[in-house]
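Before any questions on how it binds or moves, here is one chain, the form predicted alone, in structure tokens.
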């Protein structure tokens, strides 16, 4: 029975590819705030996410880490709800929360029982405009962030290597700066930097509020208007679209560290994003999954199972970006091997990989893709995450809702075309991590 049910779900997902993915409803307040609601009354739970359409992208040179710094400070309380009132209230009602900063966006979310939806809307609206930050708050949190940077990057050789590779790959773009910031620049961020950033950017025009779960669109619209309508927005934020020059040289970055237990080879490519073409990017994503996505991939079968050169090999495509996307490949050799030889092995194999990309493999990856969307539609937080991320990088709600339709239109010819372009792509940086 379980197998039959599984197959029926897959069949259903293919047949429903022309239907909307989330059936989301949206509206805009006069002050520019976008509200999106995904109704799902299966459980008395709501997820609230507010997405600000800026992350480290908006930082001025010399002020790296400011967006992430501000994310931390948004939990410090307001005059009406001081200190940890927000978090304490959530904990008291059995809810949870978190936040994250990326290059292109900053997001905050809570999951909570639906009877508290008005209070959580009020609390999120309140901290958009009414934070009561002190110089002491800022200095204490700065030390927390410096410690976070030490734990996540400075004590992790692999993360250090990635940071160096990205700075070379994106020489003229904020994608080349670490989201958490360079250490010396974090140390110099001031109370004025933080306050100016908050007052200038945290406003309705730069925000998308998403409610997913046991809440009705009309009710949500009334509540959001009640708590946000009096907030004014300044002149609309202008996003500067910087382009990177083509890399004319072959760049290899090597990092040696005595704490490295296992050598790793890496390569990061600059490539197209969903903003340039959704269909082409889906085709590229499927192609990279076939090529490098997990233990069933072509590269894994060739270099781990057959030739036993690597203990692990894989990669992925990240195309949800306002600027260029990227492809990330990695390999862990079984024995000591020079990175130049690894380059040669993989490049030589990829030149002749076209015949390995079959209709059967594509159908399998498309099924996995569809099945993931079934999980996404059924959850509480996942719709808010998927819609919010896509909207903040410039994809329309209509395109998000019709994602599976676009997926169904991707064919083998499109996938092979994208992989051929990828194999010819010279905008990459190669990294080696050694003891």
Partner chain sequence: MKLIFVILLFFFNSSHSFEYEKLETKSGIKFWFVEDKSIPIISVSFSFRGGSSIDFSEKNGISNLMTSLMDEGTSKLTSSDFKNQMKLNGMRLNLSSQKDKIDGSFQIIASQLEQGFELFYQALNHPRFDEEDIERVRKQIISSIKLDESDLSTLASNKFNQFFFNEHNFSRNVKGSINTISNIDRYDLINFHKNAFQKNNVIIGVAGNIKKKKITELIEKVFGNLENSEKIPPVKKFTRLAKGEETYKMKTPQTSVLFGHPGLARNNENFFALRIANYIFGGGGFQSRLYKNVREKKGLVYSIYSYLLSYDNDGVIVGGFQTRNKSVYQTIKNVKNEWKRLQSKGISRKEFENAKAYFKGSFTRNFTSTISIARLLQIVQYFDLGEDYFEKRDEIINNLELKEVNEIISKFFSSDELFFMIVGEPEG
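Positions refer to the first chain, counted from 1. This structure is a prediction, so every number in the text was calculated from the model and none was measured.
This protein has a second form, the form predicted together with its partner chain, left out of what is shown; the following refers to that one.
A.B. asks: For the spot marked by 22, 118 and 276, is every residue within 4.5 Å of its partner chain in the predicted complex through some heavy atom?
C.D. replies: Not a single listed residue reaches its partner chain in the predicted complex, so no.
A.B. asks: Hey, in the predicted complex, is residue 250 touching its partner chain, heavy atoms inside 4.5 Å?
C.D. replies: Residue 250 lies outside the contact set for its partner chain.
A.B. asks: Is residue 258 close enough to touch its partner chain in the predicted complex, meaning at least one heavy atom pair within 4.5 Å?
C.D. replies: Looking in the predicted complex, residue contacts with its partner chain include residue 258, since a heavy atom lies within 4.5 Å.
A.B. asks: Given that its partner chain is not shown alongside this chain, does residue 130 nevertheless sit within 4.5 Å of it in the predicted complex, heavy atom to heavy atom?
C.D. replies: Output for residue 130 is no: heavy atoms all beyond 4.5 Å of its partner chain.
A.B. asks: Is residue 367 close enough to its partner chain in the predicted complex to count, meaning some heavy atom within 4.5 Å?
C.D. replies: Residue 367: contacts its partner chain in the predicted complex.
A.B. asks: Quick one: of 351, 332, 159, 337, which gets a non-hydrogen atom within 4.5 angstroms of its partner chain in the predicted complex?
C.D. replies: None of the other options qualify; the answer is 332.
A.B. asks: If you check 347, 359, 230, 148 against its partner chain in the predicted complex, which one has a heavy atom within 4.5 Å?
C.D. replies: Selected option: 148.
A.B. asks: Name the stretch: of 203 to 211, 221 to 229, 189 to 197, 140 to 148, exactly one has residues whose heavy atoms fall within 4.5 Å of its partner chain in the predicted complex.
C.D. replies: Correct option: 140 to 148.
A.B. asks: Going by heavy atoms, what in 70 to 97 lies within 4.5 angstroms of its partner chain in the predicted complex?
C.D. replies: Counting only heavy atoms within 4.5 Å of its partner chain in the predicted complex, the contacting residues of 70 to 97 are 72, 75, 76, 84, 87, 88, 91, 92, 93, 94, 95, 96, 97.
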